[in-house]
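This document contains two forms of one protein chain, each encoded as structure tokens and listed individually as structure 1 and structure 2.
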Structure 1
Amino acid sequence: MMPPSTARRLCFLSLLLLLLLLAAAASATADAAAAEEFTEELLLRPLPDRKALAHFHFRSSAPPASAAGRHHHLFPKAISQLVQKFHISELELSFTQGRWNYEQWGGYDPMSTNNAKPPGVELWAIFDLPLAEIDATWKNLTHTLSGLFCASINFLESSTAFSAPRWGFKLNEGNLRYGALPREAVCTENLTPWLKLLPCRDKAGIASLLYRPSVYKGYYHSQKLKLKSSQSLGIILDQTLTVVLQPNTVSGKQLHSTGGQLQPSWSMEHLFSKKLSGKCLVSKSSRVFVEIEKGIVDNVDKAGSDVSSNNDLFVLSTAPDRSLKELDNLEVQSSSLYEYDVNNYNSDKPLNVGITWKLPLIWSCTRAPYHASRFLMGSGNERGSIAMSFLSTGLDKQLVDSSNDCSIKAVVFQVVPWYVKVYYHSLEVFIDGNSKAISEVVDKIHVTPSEDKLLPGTMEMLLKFPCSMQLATLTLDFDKGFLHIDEYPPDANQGFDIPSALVSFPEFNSSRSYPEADPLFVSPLLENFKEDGVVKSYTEVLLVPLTTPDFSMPYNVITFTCTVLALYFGSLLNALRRRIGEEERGLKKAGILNKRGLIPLLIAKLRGQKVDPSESESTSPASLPRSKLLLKVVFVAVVAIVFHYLSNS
């Protein structure tokens, strides 16, 4: 027992300690709150083919690790642990369903270069580690991400699944790893963990618009996570979700909307079946943008009115808080942005931005200089070719003077799994129907040949096309390999995928800058747009049918062989072991010859008892029981047949 005074003192002390602790914690959170930031933004854009694009952008940033210790106020802890453990300096993970339509939705703007991703999962990471440790770290990273996002990213662990491009994908010092899983299906189970990284999840703010049925009904769905970490800046986590949706304005009308070319008027409610009622309270800024493309702006200019939120061609349902104009290098306005600050809206007065067209309008997006597509040639299970074609979109004519010596550069980065054995020496280039020497077109090439069951083949190529070119085609021959039985995936056999190739045009930059007078106006979304954006496009995923064995065949073969072997060995052993003469003698001695089995007896009967004449002589009294036995057998058989017949009829 303690004396009461000491007890009171202890109590006081502990109270003091608690207070001190609380104060320390409070100051720590205050520090973190000053540095950790969260912003949420949404960009909406009408597309030329009667669809609408919605691009969600969430940025969480944490100060350098030393300043905050291990505790975070807003920043997801899972991500900061991941960054610290694997020493990641950059990472990008994207889940995509559907194909980005480079013809209709644009191929020459920040949206398509940064947010158009190949179908399935794509992961790349730059590590801040010695080169020898990178591969092992990558493997651990894939497993961690796989657990974090409920996806089979761990399939990228095997050395046959990832590659280390040097300059074709992104310039680096050998510390970049790239892997893609074209077959990975994307669904809500991947979206939920992604949303868990947001401070408000999807309960409030812009993320609350993510109504699953409408988001997954879209034509394109790409959810992306991009990490940047450095000692000076801390960790910056960009989470983006890009969806292309068909606004379901009037459901009945949609069926016949194919007839007319009229653009549908839509609003946020049509796209997401929800309105935006307020921001996520912890977010520093919360904005919604509506982007009007250059094609529409030009049309508006032609119509002679000013590009405001209410002009001759369209009207925005809510007056914007601010409008921004993009200026390209010729100081000509190309596209305009209308900004809405979600701060000003709440559940009583929800934000429901929409666009209403006054006149039917046809415009087109700016496209990349070449439309790159890739296809397979040949048929059969033996060999084939990969062809990649570059079709001029006519953009070069506008941008570059078609003098004779001008040329356009293109970088091709392509990873081919090892079972597609590409012969890189068979590279052929055809330009406008003429075969060209490789040296004329290929400026620089870096090939890592595939190694069976170890390494995928990687090809990085810098091509130089003449400006006047209409169509260029590159072909590469390949042989189809045989897989070991346990290398076939457990899934249904559809064929094997070759991941998308990446084509980038280093001379074309899609970055957009929005000159803004207000220095306090900081938008991470627009910052991203401003960043260096080399025009990129991904080609199609290819499906290679490989020879697939009939996996049920071994089972059949085993059963048949076993049966045959059993029959063969059984009869052979029987024949070898039996000494017939001795046996017969022994049987005769024992006088039990007539107690033979039923079947030999029957056979003997069928042969008319001519089997053994000597035997019949010697055992003539025994023939009587045998015929009796036969009679019994026949009787039983007849009774059985009659019974069967009667019982069934």
Structure 2
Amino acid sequence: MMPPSTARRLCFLSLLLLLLLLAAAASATADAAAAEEFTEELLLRPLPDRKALAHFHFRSSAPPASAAGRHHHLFPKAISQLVQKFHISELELSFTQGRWNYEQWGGYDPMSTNNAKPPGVELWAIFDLPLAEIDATWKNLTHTLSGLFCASINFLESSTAFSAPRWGFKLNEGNLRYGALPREAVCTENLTPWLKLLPCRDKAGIASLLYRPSVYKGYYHSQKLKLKSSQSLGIILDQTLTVVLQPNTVSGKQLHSTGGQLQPSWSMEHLFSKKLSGKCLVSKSSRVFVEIEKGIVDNVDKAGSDVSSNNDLFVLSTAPDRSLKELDNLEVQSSSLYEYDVNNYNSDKPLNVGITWKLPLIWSCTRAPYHASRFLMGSGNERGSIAMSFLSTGLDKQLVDSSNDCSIKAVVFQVVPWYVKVYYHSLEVFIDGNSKAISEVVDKIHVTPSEDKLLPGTMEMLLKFPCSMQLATLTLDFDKGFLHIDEYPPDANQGFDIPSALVSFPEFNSSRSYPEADPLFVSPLLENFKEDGVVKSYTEVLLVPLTTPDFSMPYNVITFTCTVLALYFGSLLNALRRRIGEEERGLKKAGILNKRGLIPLLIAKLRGQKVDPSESESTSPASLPRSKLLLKVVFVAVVAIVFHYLSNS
């Protein structure tokens, strides 16, 4: 038997070991929690066409799976499982309603380059898998995202709905898949699961400003989810929401005007119907930025005033914590940024930053080198042409030497459904109205022809335009295919959509850097601005009318057939179930059968019964009205049949 002192000593050692294990587990959990970070930021910007831009940016980061295991404190577990199951290296999903106005809202800045998306749904993903497994993984991914975001993303599982671009969209090694649904409607059912990925959802922090009526009554809104995964850095998830709103000019306060059109003044409360009463408690940083574009800065400089929060042209309702100026090397963009730290505000002292204009002001945002647009030519339901135009905006003359040998590169990426059968050999190029040889303009081209009901057509082109060019037009002829009746959508007469084409300019960079930023404070939003981003823009969605069958004919055939069958089986069942003998005996007892008319006489003749002539003669005057009624019914039926035949023929 063990002595009592030894037993006590063993109990004490066991308890000490247990406490050490619990402390180690707690420290590991604390380290994992500290490794996960969440930041929230908001960017506000006035636009030249009397509108306001609001850009929400949320970043969640998780360490590599080996360090944190399967448990997460801030990072959404659904996204982590998505990355691990489908081996995703990079993914981007966007839901957009409206179209970005490149002429008024800019096309040469990080906002338009990274957050201007085509209407509907756009999804692309890069997989870390063998090429033979990517297509099957893509189909499973679309179903998962469809359930996660309450959308019709599962329609992208078909091989006719996605493509595998080589270099026109994003340089890859064949492991990228791209798909788009231009007609997908965007509503709160898509925004709610997007908000559920945030630690505080929309209950606290900057996300609490997302008042649904304000967001969905805007001219443009695009919610995006982008993630990057690597074994060394873990998973980085960026959630952005870009909204273009019309300020409420009635409630907005204006100071004085000198006879011109004054820009509408606005604030957070006017845009989102509420003020910001604090940050999300688990966020590492919470910042609000107000950006003033180069056009406004130039006007302030001309007025002889400093670009401060209170100058001769405008005044900010709340004094900023810090002011940042963009580092301008090429003198193309020179904007100012006013920063607000949400840690300094709470429910007793909410943040309601806004801008009030003092004098009328007209400015413009810097646009891309060429304004790209796309349209259809031709008429009828057999064939047509797709035309893409490039109109010079004059930016190239400011950046490059406009010599005779000068040229500007443009990359075009376009996906066409299989029922639009494009003849790529019919490509024609016109520069300033003059036809040019393909070899003079097209430097590189890659085409994946479409296959009926199997693959869409994909075209990737590298174009070289002379710097002196003002207008270029590319045309492609196509034939319209025929679909099976089961392949038509419910609103087939509206037409069929061709997704937006992507035009990028690889020689132009839209990055911005603010060297005065605090080195101790890392802003994901400013980091994205600093990244080298190629200037790019999306064209319009094309609406192609196809030959549509008369969907009312199946309905008419079904109703007519059902009517005939109902009459036939009704008469058959009536004849089989009727007891004629009992009915005749009952009529004889009632004395009704003796009053014969035309119809009873005909029935008697058909049955081979003898008819008393005296009865027929005595009843002939009484049966005369019945015979006239029968003739009228037959006449009406014949007229109806003839009218139906003539109307259908």
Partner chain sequence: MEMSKFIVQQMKDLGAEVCYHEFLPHSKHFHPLKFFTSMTNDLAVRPNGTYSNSGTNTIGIIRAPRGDGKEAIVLVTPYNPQRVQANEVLSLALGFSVFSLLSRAAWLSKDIVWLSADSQFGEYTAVSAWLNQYHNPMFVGGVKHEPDGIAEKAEFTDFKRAGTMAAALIFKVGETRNYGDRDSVTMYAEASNGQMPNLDLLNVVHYLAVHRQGFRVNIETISSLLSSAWLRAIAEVIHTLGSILRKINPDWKLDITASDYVEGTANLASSIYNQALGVPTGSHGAFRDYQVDAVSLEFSPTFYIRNENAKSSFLVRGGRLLEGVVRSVNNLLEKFHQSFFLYFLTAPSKFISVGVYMIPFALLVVPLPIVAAALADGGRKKGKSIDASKTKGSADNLQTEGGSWEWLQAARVLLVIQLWAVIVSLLPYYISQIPDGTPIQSSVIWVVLAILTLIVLYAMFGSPYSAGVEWKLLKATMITSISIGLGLMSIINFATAQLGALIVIPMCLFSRPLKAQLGLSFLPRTVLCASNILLAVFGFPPAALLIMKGLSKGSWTVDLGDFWASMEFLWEWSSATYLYLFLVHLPCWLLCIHVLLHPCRQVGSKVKRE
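By rigid core we mean the largest C-alpha set that fits within 1.5 Å across both forms. Here, residue number means position along structure 1's sequence, counting from 1. Remember, it's a predicted structure, so these values are computed and weren't measured experimentally.
In this pair, the copy labelled structure 1 belongs to the form predicted in complex with the partner chain. Superposed on the core, the two forms barely differ at G380: its CA moves less than 2 Å between structure 1 and structure 2.
Once you line up the core between structure 1 and structure 2, the Cα of D348 stays within less than 2 Å of where it was. Relative to the superposed core, G570 undergoes a Cα shift of 2 Å or more between structure 1 and structure 2. For A492, the Cα shift between structure 1 and structure 2 is 5.1 Å when the rigid core is held fixed in the overlay.
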